[in-house]
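One chain comes next, on its own, written out as C-alpha cells in the form predicted on its own.
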C-alpha cells in the first residue's frame, strides 16, 4: 500500500520506517528542509536505538523516501498519517495549528478518496475538527480516523514492530478495512487491533498516559512518607506489585517524570476537563507532586548543608529525561541543575547521549560545565547526584569515584545503587524513600 506520513519527529519517523519494514511504500514529509536533507543524506535527526538501521534498510530497498513536497505526497498516497507536533499552549491545552494546517494541505491536493489518520496526540474532538476542515476545502470523498501512538522513547522501534495493542477510532467500514490492511502484519501474534469510536480512541491515549503518570506520582508521594517514617519504598513496591490487581510496572520512586508525552498529556487532559466544566483533581495533584519531585535532590542537599550552597561542587550523572534517548524536554535534570546553581552551587554534568541538547538548554546558566565522561564529572566534587539511570551508571567503579571526588555524599535519584555497599566504601548515601 502507498502510505504518506506528514511529520518526521519521534512518532512520524518511527511510524514511517516501521510501515515500510512491513512492505508498504512510504513517503515521509516535513516542511523542515534541514531535517529532510539529513534524512536523504542517510542521517537521523533524532536518537532512537535501532531506528537508524530500520530507516537505512528500507530507504536502500526503495520502500521509504523523504520529501518536503507535501502536495505530491498527498496525491500519491491512499492513507495519509498526520504525525505533526501538538505543543502545549500557556493554559496547558494542545496547540492544533499544525494538525489543522496539515489537514488543509491534504484537502487542497486530494484528487480522489483518501483516508486521513490522525496519529498526533490530540484532545478529544480533534478528528471532528479535521473532518470539518477537509470538508470545507475539498469535494473529494475521504474518511478520518484516530490512531494514537503508544511508543516509548528509547524503545520505540520495538513498540512499533511488536505493539501490545493498536487502537483505531473510526465509524467507516472502508477506513477499518484499510487500517486492518496497513497494520495486519503487526498483530499476527495475537495482540489486538482495537476498533472503537473516534472520541474513545482519542481519549484512550490521554487516559493511558495520565494513568502512568499518576502511578509515578503516587509512588513518589509514598516514597516521601517512607522517608519520614523509616520504611523502605523498594520493599513496599515489591509488596504492592505482587498484587495482580496492581502489578509492578511504573511503581519506581525517583525524581519525577519528564519527556514529550506525560507532562504535556496530563496538562492537556486537565485543560479538556476545565473546558468541559470538570475539575481533574487527581491529575492536578499528579502535576503538583511531579513538580516538587524534580527538586527533591536539591531539597535533600539543602536539608544537609543549608540553603546557601556557595562553594559546593555537584556532579550530575544523567541529563536526558530517561535512558536511551537524547530528549531533554521536561527533563528532571534541568530543574535539578537550575535549583543547584540558583543556590550558589557549581555543577559538572555528563550524559552518554544528550550532551548537545543539554548544552543548548543549560549553557546559559552560571557555574555549569559538561564533562567528557562520568568520572571526569566527579573530579573534585563534593556531591554526586544520579538523575537518569543509564545502564553504564548502574555498576560504576566506585573506588575510582571515591578517589576522584573531594566529598563523600551520594544522592541516588533513581534508587539504582546498593546503599550498604556505598556506605561500606565510606560514602554517605541518600536515595528516594529508602531508610
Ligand SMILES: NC(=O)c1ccc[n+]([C@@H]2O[C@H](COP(=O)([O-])OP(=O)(O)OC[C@H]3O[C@@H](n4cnc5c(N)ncnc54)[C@H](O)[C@@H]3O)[C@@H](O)[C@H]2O)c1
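Numbering follows the first chain given and starts at 1. Every value quoted in this text rests on a predicted model; they were computed, and no experiment measured them.
The same protein also has a form predicted in complex with this ligand, omitted here; what follows describes it.
- You can rule out all but one of 228-236, 338-346, 293-301, 78-86: in the predicted bound form, only 78-86 has residues with a heavy atom within 4.5 Å of this ligand.
- This ligand is not drawn, but in the predicted bound form it has no heavy atom within 4.5 Å of residue 116.
- Using a 4.5 angstroms limit between non-hydrogen atoms, residue 153 touches this ligand in the predicted bound form.
- Taking non-hydrogen atoms only, residue 433 never approaches this ligand to within 4.5 angstroms in the predicted bound form.
- Although the partner is absent from this view, residue 101 contacts this ligand in the predicted bound form, with a non-hydrogen atom inside 4.5 angstroms.
- Contact with this ligand in the predicted bound form, judged by any heavy atom within 4.5 Å, is made by just one of 315, 261, 74, 268: 261.
- Listed residues 176, 129, 215, 329 were compared with this ligand in the predicted bound form; 329 is the one with a heavy atom within 4.5 Å.
- Of the residues in 121-147, only 121 comes within 4.5 Å of this ligand in the predicted bound form through at least one heavy atom.
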